[in-house]
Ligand SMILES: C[S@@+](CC[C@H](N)C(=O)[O-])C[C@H]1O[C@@H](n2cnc3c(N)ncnc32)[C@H](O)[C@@H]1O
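Just the one chain here, the form predicted on its own, laid out as structure tokens.
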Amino acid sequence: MSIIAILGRQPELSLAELEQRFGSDSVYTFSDIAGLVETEAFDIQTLGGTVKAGKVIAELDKADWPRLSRDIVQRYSKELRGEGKLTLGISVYGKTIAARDIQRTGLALKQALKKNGRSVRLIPNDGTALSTATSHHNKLGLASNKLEIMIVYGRSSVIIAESTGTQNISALAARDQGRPKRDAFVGMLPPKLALMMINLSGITIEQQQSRSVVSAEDNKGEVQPEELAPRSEALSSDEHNRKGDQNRHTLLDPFCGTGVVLQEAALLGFNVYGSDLAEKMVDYSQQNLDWLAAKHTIGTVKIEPGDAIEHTWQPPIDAIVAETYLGQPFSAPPAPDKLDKVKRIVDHITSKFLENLASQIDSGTLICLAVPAWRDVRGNFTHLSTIKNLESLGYEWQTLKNVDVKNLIYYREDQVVGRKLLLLVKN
């Protein structure tokens, strides 16, 4: 099955995530904003960087919009005949088409279906593509009577696809804002980025037990609005610790903070293991994972105090995913001497942590770390010196086909401190 994936705000990160998740032989660059994935099992809710996805119905030579519009109306006026009300949306990606022209295509299809006795609610286009929020709240792609037709222009062809779902912004917001303990002072790692980092590490999730947040079995193909509805079989944290599934992989976060990475990994089906220098953060993580365990069936949870530069973690450890110490926050680019001082401190902590970790994990262990990269007024980044010494510390870079793995940085235009993502493997 071919899936077209609409990539997020930083497409290179989204494409890297897809490649790590599905394998380099199954992921292809289709355009600057879309990737093609060959897979029999695609669940957008397991991904942090894909905002919308669709099953490929046809791949055609490029054509002007009037011709393509006529082909769509002709194709779907036959395929969508039947009874029952249909909710319909049309989105175009990779080419600027006036919203009114896309709307005309939708109205023509609506009229053709009406003649055949089928009622259609057409979602109006405010732009070339329906927003993620619009598609999500209308549940497009999650039922046979809720269809979004996606037209995606590539470098040499155009794809017609039918949406299989949109990134669940309600679920992400609920997991972020609904947690009992949050702390803005230590930073707010977005759940979407945490989920992306878990996938970017390269650890597989196919072997994990079925997830509980958004599985089709639980929700019968539709996503529940609040996304954190309790399940009847949910267990307490203590019960989970006693029932730890030995078939699950264990993911370690040595800088766990309030437990965002642990939360997302637990929902994917991993056993989770966290540590943090601050006992307050250990307590916050435990409370947040207890909150999660009261609502979802998750695996083993272990959280303990420990300084990452000297702590000893207990095996097994199958992957490490963490946002390390980012240094002090800045609202404006710091003076060179100030930046140099902060950089030296962070370099020391990061290198000592990596040295400590390398002595405790097996060769081949997969790692994804977010370390700071400081952005100046011209948009240039200052990086940690530790990055140049990774091989001497016992690590090597993972390799990717579609993107340069050494250039992955998560940032926003208004941020001074971005997150450089290190995709490593233990030598």
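Predicted model only: the values in this text are computed from it and were never measured. In this text, residue numbers run from 1 along the sequence as written.
Quick note: we don't show the form predicted together with the ligand, though the next part is all about it.
- State the residue from 269, 141, 254, 89 whose non-hydrogen atoms include one within 4.5 Å of the ligand in the predicted bound form. None of the other options qualify; the answer is 254.
- Query: Quick one: of 351, 103, 164, 324, which gets a non-hydrogen atom within 4.5 angstroms of the ligand in the predicted bound form?
  - Reply: Exactly one listed residue reaches within 4.5 Å, namely 324.
- Query: Even though the ligand is not shown here, does residue 135 get within 4.5 Å of it in the predicted bound form, heavy atoms only?
  - Reply: Residue 135 lies outside the contact set for the ligand.
- Report yes if any heavy atom of residue 169 sits within 4.5 Å of a heavy atom of the ligand in the predicted bound form; otherwise report no. The answer is no: residue 169 has no heavy atom within 4.5 Å of the ligand.
- Item | 4.5 angstroms heavy atom contact with the ligand in the predicted bound form for residue 198 | Residue 198 lies outside the contact set for the ligand.
- Task: Answer with yes or no whether residue 334 is in contact with the ligand in the predicted bound form, where contact means some heavy atom within 4.5 Å.
- Result: Contact with the ligand, no.
- Kindly indicate whether 15, 49 and 408 are, all three, within 4.5 angstroms of the ligand in the predicted bound form, using heavy atoms. Looking in the predicted bound form, the three residues 15, 49 and 408 all stay beyond 4.5 Å of the ligand (heavy atoms).
- Item | Stretch from 148-156, 89-97, 106-114, 275-283 whose residues place a heavy atom within 4.5 Å of the ligand in the predicted bound form | Within 4.5 Å of the partner lies stretch 275-283.
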